[in-house]
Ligand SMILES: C[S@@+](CC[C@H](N)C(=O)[O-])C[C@H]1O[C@@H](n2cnc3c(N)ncnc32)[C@H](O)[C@@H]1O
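Below, in structure tokens: the form predicted on its own, a single chain.
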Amino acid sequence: MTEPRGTLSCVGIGMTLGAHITPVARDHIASSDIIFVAASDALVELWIHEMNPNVHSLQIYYAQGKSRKQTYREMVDVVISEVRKGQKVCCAFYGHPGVFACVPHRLIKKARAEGFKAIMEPGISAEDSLIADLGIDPGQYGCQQYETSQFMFYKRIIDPSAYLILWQIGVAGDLTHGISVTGSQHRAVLLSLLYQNYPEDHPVIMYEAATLVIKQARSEEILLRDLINAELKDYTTLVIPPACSLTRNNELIKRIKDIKLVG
């Protein structure tokens, strides 16, 4: 008799509790042997508990002053250990499990490398909610998006004629990989970088998706320079609209027009 083979599913529950989850994700939660939940809101765990009572929180691995790198390693280890036992394991994550979440990617890669079946089920992400709430069409002007600290730590070529979206603006410039919101000195460094492409009085938007149907998304417009003292959470997103018009590439367009159709 062969040993039971464990499986892993990493599913997205969307941003708004109970409203964004897909039927497939719900089925994975309901039919699994054990559920791990990565959500800071206790309501999420209670809601998932109604679908499957064997729920375990991954939030316990976060701690003040503890590196997120260590937290993520511990999360991966505890989940994989259950897969190795032959369990049907499901991990539920806010939004889309593949968007700005390294743990699901690491889990699936590790599980597959060890010969286990592992899948990812998408959910409505913070990006999807942002596009809907702010009425942004990424195809109109183009859109660049980065995790804020990564944007600061690496040299990027910014196009100010497109949208720029900076995720997790509240922990801008954090070198400790902790969970604390950084302060005005870190934001001043970020602003010095942004001022290379945007004027100080350029209007920007601070955005936070709604996680409950009874709440509204945060969509607060301020001037770029006022970001230094703005009230931010670790999950606040900064949206910078285009600061200049698109420049038409007439030379290239002429080349295309001069192409002779064949056949």
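All values derive from a computational prediction rather than experimental measurement. All residue numbers refer to positions in the sequence shown, first residue = 1.
Below, we refer to the form predicted in complex with this ligand, which is not included among the displayed structures.
Q | Interface membership of W167, this ligand in the model of the complex, 4.5 Å heavy atom rule | A | W167: contacts this ligand in the model of the complex.
Q: Please run the contact check for A126 against this ligand in the model of the complex: heavy atoms, 4.5 angstroms, yes or no?
A: Yes, A126 sits close enough to this ligand in the model of the complex that at least one of its heavy atoms falls within 4.5 Å.
Q) With a 4.5 Å heavy atom cut-off, would you call M15 a contact of this ligand in the model of the complex? A) Although this ligand is absent here, M15 would touch it in the model of the complex, with heavy atoms inside 4.5 Å.
Q. According to a 4.5 angstroms non-hydrogen atom cut-off, is Y141 in contact with this ligand in the model of the complex?
A. Contact check for Y141: no, nothing within 4.5 Å of this ligand in the model of the complex.
Q: Determine which one of 73-81, 111-119, 187-195, 88-96 lies within 4.5 Å of this ligand in the model of the complex, judging by heavy atom distances; exactly one does.
A: Of the stretches listed, the one contacting the partner is 88-96.
(Q) I need to confirm a contact call. Of V204, A209, I29, L58, which residue comes within 4.5 Å of this ligand in the model of the complex, counting heavy atoms only? (A) It is A209.
(Q) Only counting heavy atoms and a 4.5 Å limit, does any residue of 97-121 reach this ligand in the model of the complex, and if so which ones? (A) In sequence order, V99, F100, A101 come within 4.5 Å of the partner.
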